[in-house]
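First comes one chain, alone, set out as structure tokens in the form predicted on its own.
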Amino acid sequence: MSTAAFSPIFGFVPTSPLYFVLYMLLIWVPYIILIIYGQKLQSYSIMADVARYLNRLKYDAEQSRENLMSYLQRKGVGGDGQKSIESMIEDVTITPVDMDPVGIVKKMELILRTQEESVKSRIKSIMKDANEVERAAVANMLEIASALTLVYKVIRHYYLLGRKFPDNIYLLAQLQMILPGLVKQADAYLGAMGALEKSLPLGDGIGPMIVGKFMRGSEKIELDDETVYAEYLYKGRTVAFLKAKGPMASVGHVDSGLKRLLDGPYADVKAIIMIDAALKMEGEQSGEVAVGIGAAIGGIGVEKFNIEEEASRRRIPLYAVIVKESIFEAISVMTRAIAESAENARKSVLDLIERSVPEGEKCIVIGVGNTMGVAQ
């Protein structure tokens, strides 16, 4: 058979039987190898990439633990106290059964409140001479260390499964796709520990910061040990500004605080306005302010459910003022762009009060977010 019958590939035309054999070996042998072993080779490549990200997550988890222990040492907590708090990193919270969803929110609320009170009680018994700000910082740093440790263990679990069954390329591919973003979030959480040590405001604190400015010069009334409110008169309207108590790192209990106000002096409010940070989409500017309808609050949904339940039962309109920022800005030290957005958000709140609340009536404004470094 004449080699002239073969069309050139990559500009090469075989001119002799030897060249033709070499030509076929160069083209078909790699092709056959890829057909037989291609998926396995791709699995090994993906595993190497996942292992690189896994090492990064391991570093973040270990560093968060070291940062927590270092902070405790600087605050005078000795070896036994450090060991006790370090053991809390491995504590688990078991979610309630969801086969029958009726009442699951109340079950989840009970579990979360029990877990929160247990952590605070144990930290207080160990850090007897520390103030509230320092104890709250430890509680938040402990939460970050626990989260990073759990993420590392979950990713390690699926990575080891992938190594055990390398033909399961789809599991490995999913890991490879989510890990870059996950590692960036882990790095951001690790960076937030530095802000906690210095009690610097986070991006998530923009809601309490705006409400805190309204509360200046007014009497602050405690609804519980972590939630406060103050009354403010604006153009004939009575406004109750509600937020978590600062400057320690806390998100408060704004849902139960709202219920107490509605069961008490603010039973006849005409509107509830919530201020919170919200995740921006790619391409949007950090610090943009938007006005919407509904309950602006994050978390797993317990507080959101309680607020919506109270508002719907009493037929009170819910409005929202949100400040857009990325997840990394929300859990890092507040940037200048976010801080400067406070004035625009404040104007939006006042505009909403004028439009939705008649003169002589009342409304409630809630600042949602972490109050670390944000007083009232």
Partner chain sequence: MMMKKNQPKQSYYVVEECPACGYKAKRGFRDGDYVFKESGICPKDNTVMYISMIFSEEEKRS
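Positions refer to the first chain, counted from 1. All of these numbers come straight from a predicted model, not from anything done at the bench.
Keep in mind the form predicted together with its partner chain is missing from the figure; the text below concerns it.
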query: Which of 316-324, 31-39, 65-73, 335-343 sits within 4.5 Å of its partner chain in the predicted complex, heavy atom basis; finding: 335-343
query: Position in contact with its partner chain when the complex is considered in the predicted complex, options V291, V119, M127, L200, heavy atoms within 4.5 Å; finding: L200
query: Partner proximity in the predicted complex: G162 to its partner chain, non-hydrogen atom cutoff 4.5 Å; finding: no
query: Distance check, K280 to its partner chain in the predicted complex, heavy atom within 4.5 Å; finding: no
query: is_contact(K347, its partner chain) in the predicted complex, heavy atom dist at most 4.5 Å; finding: no
query: Touches its partner chain in the predicted complex: G212 (any heavy atom, 4.5 Å); finding: yes
query: Partner contacts for 345-376, taking its partner chain in the predicted complex and a 4.5 Å heavy atom cut-off; finding: G373, V374, A375, Q376
